[in-house]
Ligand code: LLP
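Okay, here we've got a single chain as structure tokens, the form predicted on its own, with questions on binding and movement later.
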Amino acid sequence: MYPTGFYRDKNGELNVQGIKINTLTAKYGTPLFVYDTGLMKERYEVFLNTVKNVKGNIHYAVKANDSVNIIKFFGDLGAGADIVSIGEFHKCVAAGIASNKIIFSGVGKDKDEIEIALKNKILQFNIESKEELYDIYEIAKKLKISANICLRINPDIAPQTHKKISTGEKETKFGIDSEEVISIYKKLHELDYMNPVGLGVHIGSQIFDFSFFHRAYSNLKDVADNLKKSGYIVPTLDLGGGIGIYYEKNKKPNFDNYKKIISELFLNSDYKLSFEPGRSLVGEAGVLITKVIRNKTNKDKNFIVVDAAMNNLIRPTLYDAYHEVEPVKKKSGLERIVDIVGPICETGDYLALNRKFIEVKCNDLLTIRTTGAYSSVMKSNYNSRIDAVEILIHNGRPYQMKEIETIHDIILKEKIIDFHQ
């Protein structure tokens, strides 16, 4: 058995499943994403134990990290999938996830996407407006295929999280106002090819105050109970995801308190529950390894310039997000306040600001922690930079997860126009 997570050996060198990180960079180069399946499995099993007593099914939130191999890993453990695009659907199919274990969420499903999902008989659509309902209805009627419909409620709850990942307030684009849900759910019963399967809610990500979950789930349950009292069938409640993980310290997500809340509300209910964790399963299981290019000092600031950049990890500049950064090999020496920045020609290209950091030199390796979720999946080729290599460590062996396009591959995809014609 290998220890889970990224750990230091007796020499202070960072390891994963018995492999030194510097051995991996010698083979694959930098920047380099490294994922530990041991920690992914551990987090999945803890979450599974959290929801098993309330008839809970796990659907991995693919948008957190849409690598086919990571989707497949969770699928092999028994998870379904929660998707927000038809591209993610095709990745799930490639990963071996059965269509009848796929939930299609998202506010902007295109009609072509809806048709593909219907033809493949996905588990359910989580819909976010009456307009979307009628789009699905027209397509289902044309195809003569029934659609399983779950209505996503917007409970107008603002959890204490970053405004760009808060989705439960009325001013956001997500969900249906609570006062409209009942009338739309009743309307579902009047339309051919529409099969009402329940209600859902998702109020955002990185939530640590679980009282917000309690409020949202209580609201959802009250609406569902009222519909059932009126004679309508509400078999399923989709509780979404959003459990926060700790970026600043090596601390596990608080699954115990989450379990208390869902047990209090649903332990003796008849509802079949769906859960859509993403970040809490995979976030801590990834690191980004980068190489120091040089140190730079001016009158007011110290900079460590590295070869990873905002095209590899945009979270710090997009969300003001914090990631722990440390040398791959433990060092001693003087500390100073630095900005850790990438080579992209943008002031916003930084990975850490105003950090107290040990002195490092050219070619030293640094580890950026907790980059398993919303990191490589948000990559770009800005400044004509190629992608970082991504490897998965499983049973003590490294596996490269995908081929990396060279800059020549990228150029070849462009169609060169003859402007002299």
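All residue numbers are counted from 1 along the displayed sequence. Nothing here was measured: the structure is a model prediction, and the numbers come from that model.
What comes next is about the form predicted in complex with the ligand, which does not appear here.
Indicate whether the candidate residues G242, R279 and Y319 are all in contact with the ligand in the predicted bound form, with contact defined as any heavy atom within 4.5 Å. Yes, all three are in contact.
Taking heavy atoms only, is D82 within 4.5 angstroms of the ligand in the predicted bound form? Contact with the ligand, yes.
R43 near the ligand in the predicted bound form, any heavy atom under 4.5 Å? Answer no; every heavy atom of R43 is more than 4.5 Å from the ligand in the predicted bound form.
M378: heavy atom within 4.5 Å of the ligand in the predicted bound form? Judged by the heavy-atom cut-off of 4.5 Å, M378 is in contact with the ligand in the predicted bound form.
Contact of F357 with the ligand in the predicted bound form (heavy atom, 4.5 Å): No, F357 sits far enough from the ligand in the predicted bound form that none of its heavy atoms falls within 4.5 Å.
Residue (of K109, K91, R315, K221) lying close to the ligand in the predicted bound form, criterion heavy atoms within 4.5 Å: Contact residue from the list: R315.
Of Q206, N311, Q124, N154, the one that lies within 4.5 Å of the ligand in the predicted bound form (heavy atoms): Flagged contact: Q206.
Determine which one of 141-149, 180-188, 224-232, 270-278 lies within 4.5 Å of the ligand in the predicted bound form, judging by heavy atom distances; exactly one does. That would be stretch 270-278.
What residues, if any, in 53-87 have a non-hydrogen atom within 4.5 angstroms of the ligand in the predicted bound form? Contacting residues: A61, K63, D82.
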